[in-house]
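Single chain ahead, written as structure tokens, the form predicted alone.
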């Protein structure tokens, strides 16, 4: 998979942790807000039918299943983290054209949701969104 460029956001799942109350275990059943995990829009045909990244013009988003490891880099500060798929998401088509920048580094369209524990390694949770690149190495 070539690196994808877009936006990273964060979401809550599993048992209460940090800013999160209790929530479900995600599409994989293993998601926990305190673990280094993420949601990916193309984990299955059913997930892709909900998230619809192609509606925003995103191509090259490989099908990856539960437990697959991606690496997300915050384009604002260069911080990087490896996380594993634990859920389906974000619902990319709801945010087509959304753009987040810091200086000259910009990303459009939400392509990955990190758990709060993972997001906080690369950015402050208060930022909510950051431009990012996502790859597999």
Partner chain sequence: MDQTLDRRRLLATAALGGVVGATALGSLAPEAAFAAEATAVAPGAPDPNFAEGRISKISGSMLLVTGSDTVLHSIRITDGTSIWKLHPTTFDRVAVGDGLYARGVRLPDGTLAADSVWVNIVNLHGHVAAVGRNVLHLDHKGQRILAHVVPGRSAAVYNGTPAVSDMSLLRVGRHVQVLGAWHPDTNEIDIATVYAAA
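None of these values were measured; they are calculated from a predicted model. Residue numbers count along the first chain shown, from 1.
The next section is about a form of this same protein that is not shown, the form predicted in complex with the partner chain.
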Quiz prompt | Of 50, 106, 79, 55, the one that lies within 4.5 Å of the partner chain in the predicted complex (heavy atoms) | solution = 79
Quiz item: Is residue 37 a contact residue for the partner chain in the predicted complex, using a 4.5 Å heavy atom cut-off?
Solution: yes
Quiz item: Would residue 74 sit within 4.5 Å of the partner chain in the predicted complex, counting heavy atoms only?
Solution: yes
Practice problem: Indicate whether the partner chain has at least one heavy atom within 4.5 Å of a heavy atom of residue 63 in the predicted complex. | Solution: no
Quiz item: Does residue 43 reach the partner chain in the predicted complex if we count a contact as any heavy atom within 4.5 Å?
Solution: no
Practice problem: Note that the partner chain is not shown here; using its position in the predicted complex, name the residues of 50-70 with a heavy atom within 4.5 Å of it, in sequence order. | Solution: 69
Quiz item: Where do residue 49 and residue 22 end up in the predicted complex, Cα atoms closer or farther than shown, with a change of 3 Å or more?
Solution: closer
Exercise. Explain in one word, closer or farther, how the Cα atoms of residue 117 and residue 22 are placed in the predicted complex relative to this form, where the distance changes by 3 Å or more.
Key: farther
